[in-house]
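To begin, one chain is listed below as structure tokens, in the form predicted alone.
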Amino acid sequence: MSILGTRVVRKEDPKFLTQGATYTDDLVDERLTGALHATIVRSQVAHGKVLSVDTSDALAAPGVVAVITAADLKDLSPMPHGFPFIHESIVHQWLVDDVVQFVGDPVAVVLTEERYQGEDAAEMVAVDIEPLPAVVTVEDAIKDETVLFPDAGSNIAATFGADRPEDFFEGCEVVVTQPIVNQRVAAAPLETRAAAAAWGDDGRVTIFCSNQGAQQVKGQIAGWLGIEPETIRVVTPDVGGGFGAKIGADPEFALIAWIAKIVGRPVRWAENRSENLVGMVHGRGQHQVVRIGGSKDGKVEAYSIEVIQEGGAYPRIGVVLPNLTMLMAPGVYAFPKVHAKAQVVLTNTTSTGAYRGAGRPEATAAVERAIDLFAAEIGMDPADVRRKNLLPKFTEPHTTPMGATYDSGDYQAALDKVLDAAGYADLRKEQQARRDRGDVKQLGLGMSVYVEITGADNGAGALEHAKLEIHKDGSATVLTGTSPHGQGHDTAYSMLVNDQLGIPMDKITVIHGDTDLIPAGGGTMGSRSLQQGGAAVHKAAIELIEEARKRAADILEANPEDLVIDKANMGLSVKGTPGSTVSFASLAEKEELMIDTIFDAGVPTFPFGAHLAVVEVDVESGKAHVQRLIAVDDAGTILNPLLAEGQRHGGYAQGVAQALLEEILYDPDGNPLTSTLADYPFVSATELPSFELVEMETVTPVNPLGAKGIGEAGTIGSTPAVQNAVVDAVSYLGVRHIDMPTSAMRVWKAINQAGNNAGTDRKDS
């Protein structure tokens, strides 16, 4: 019996729950002996010219060894943005001595013997900045009255796609247009960013950092610092969450490594929570205009989305994410015509980057709101409009008008399953009864049907590396180019090896995140790990069996094709000949038994699903509460339901949080208003119901496991479902749309602005 598909408890958890993980800031490593502690002095002004940086008081403070400013980095060129379509004059200074571009821009680094000494000394660095007009909103950015990088000539950093044809909606009986803000949010991982660097006598530097892919970090830092990649070793210890924001290197990592070289001592840095909320890239930040047109019987003929993406002060990954939004614009629907265009603007705010789903949730949220808006306009149930426009079931690849080629899908079945499980018809009756009674707490039903792309080419192709070695004692080691930060790779990959070789999971060690041991790898992002990293491990196990088969055949004097796997004895035996087993361990005793392989998926997969959110909204206060969340998330073959459910639960929580609570805010001068967790709300268990999971598996032909990605599905589906549910709850009062987060204040305002407040309506009913 195969272990695959069973609920295997995570083997990494006992360590995390008892002795604890070893994060970058916890490291005890001889290479870091005598390390200095870095505290970064950041700009408190969003946009301004640096007149002076006075470090004299700080240098006299207890424990201060040095204060590094831009003057100490003259041998280091500014960091290039790396995007060929963005003007070359837009560069990132490591430490600013010219113009600061956001609150949080690094200006100096204080080095102290003890970490606590840095906090006090950093406040003694006097930075004199002459303020310049701050560009905070996308509306102001597009005006170009103040340009962040004057040589670029505009704050519009990039444009993707063409204008919509004038006759695009010609012939449509109904056309609905709606501006939508998919708000900026923070990833807020439990472990904030951290790095440590030490140069060896051999001229190599070891960089420890909290990141989602060591190999990518190595390449980026080498390019930024202008040094040979071979001189860098990147190690990622345990990583406490990333959610996309830890994709790629952070400038601070390279800066710490360079400073360690300057001062000739190891240097450590770990940011606090406030620094994280202004310094780490933010997610989302899209301003969209959706337009949807069709016939009054519910058939959609044309759909358009125009996006303005907040890029923040410096171009990071966020500037390319609108491409994914455009690619996935039509979602699960068979719209005859689809148009998408995007612009990226720079503002005096924190840069934007990837965040759970990274461009795809924005596409789903837009089209799912558009469907609801269209349904409301023509007076149809939104479920019926979806059914009328969903792509029919397909088992052969389907290419959309935007050029995405979906591998397999049955969207209608997903919607039907979730509606049946929810008791949709009865819920609608209860909703009507509450409206008839004029209840203070009204019911809202929101749905979404989604498809996303996982395992896309992340710059290194849709491939992953894996090495599998059997040791003389019968244990095994797996080396993978993926890098977990909570996903459970140790458990998943051990299951795959156990399934093929029979080696007990507790005798299998999974190693990741060390570029000397694993020079090539794609890291963990885009829900790629199982379908590419796991498939690579699976491939390595099969290739190792074939290698072992050749060797065992010589020993047993049998034909290789007559040998079969003997999992009970962890080896190979002659078919029909009990007691003939040659163990993998014995083969390893004679000669190294190791396979180093690459799995190339070639193309991504397209998981899909449907969610239904049931919310209760107090029409007097505007407060919304999620009562139920029923979800189908079809990710193909499920390796371990426990791991998959964990991913789904976490995703739902983040989706609910964005829909109801989370939002990064700035004042008109570019000062962040959400720089502590007292100001920036995130969801807790008390705001969440017990999620209702409906199972569905549609395997993909893209990899031998039949697995698609699951890491981002929960967020992509739940966010628009909850938003739609909140709007649905108060739609009878004349509310058409509410942007996220659907906070109590925002819902209350929408009710009142609709000119049909709850009190009047209840009185009339």
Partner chain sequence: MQVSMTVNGQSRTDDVEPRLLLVHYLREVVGLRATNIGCDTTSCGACTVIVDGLTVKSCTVLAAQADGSEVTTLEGLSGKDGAMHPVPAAFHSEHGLQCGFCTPGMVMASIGLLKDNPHPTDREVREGLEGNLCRCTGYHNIVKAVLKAAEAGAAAGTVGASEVSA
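Fair warning: this is a prediction, and the values are worked out from it, not measured in the lab. Numbering follows the first chain given and starts at 1.
Below: the form predicted together with the partner chain, not depicted.
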property: D26: touches the partner chain in the predicted bound form, heavy atom cutoff 4.5 angstroms; result: yes
property: 4.5 Å heavy atom contact, E547 and the partner chain in the predicted bound form; result: no
property: Touches the partner chain in the predicted bound form: N211 (any heavy atom, 4.5 Å); result: no
property: Close approach of Q654 to the partner chain in the predicted bound form, 4.5 Å, heavy atom; result: yes
property: Residue stretch of 396-404, 375-383, 310-318, 265-273 approaching the partner chain in the predicted bound form, non-hydrogen atom distance within 4.5 Å; result: 265-273
property: Among the candidates D439, D562, D120, E88, the residue which, in the predicted bound form, approaches the partner chain to within 4.5 Å (heavy atoms); result: D120
property: In the predicted bound form, the one of P78, G502, P165, P689 near the partner chain [non-hydrogen atom within 4.5 angstroms]; result: P689
property: Candidate site A186, Y355 and H649: all three near the partner chain in the predicted bound form by heavy atom within 4.5 Å; result: yes
property: Within 4.5 Å of the partner chain in the predicted bound form: residues from 622-642 (heavy atom criterion); result: H625, L642
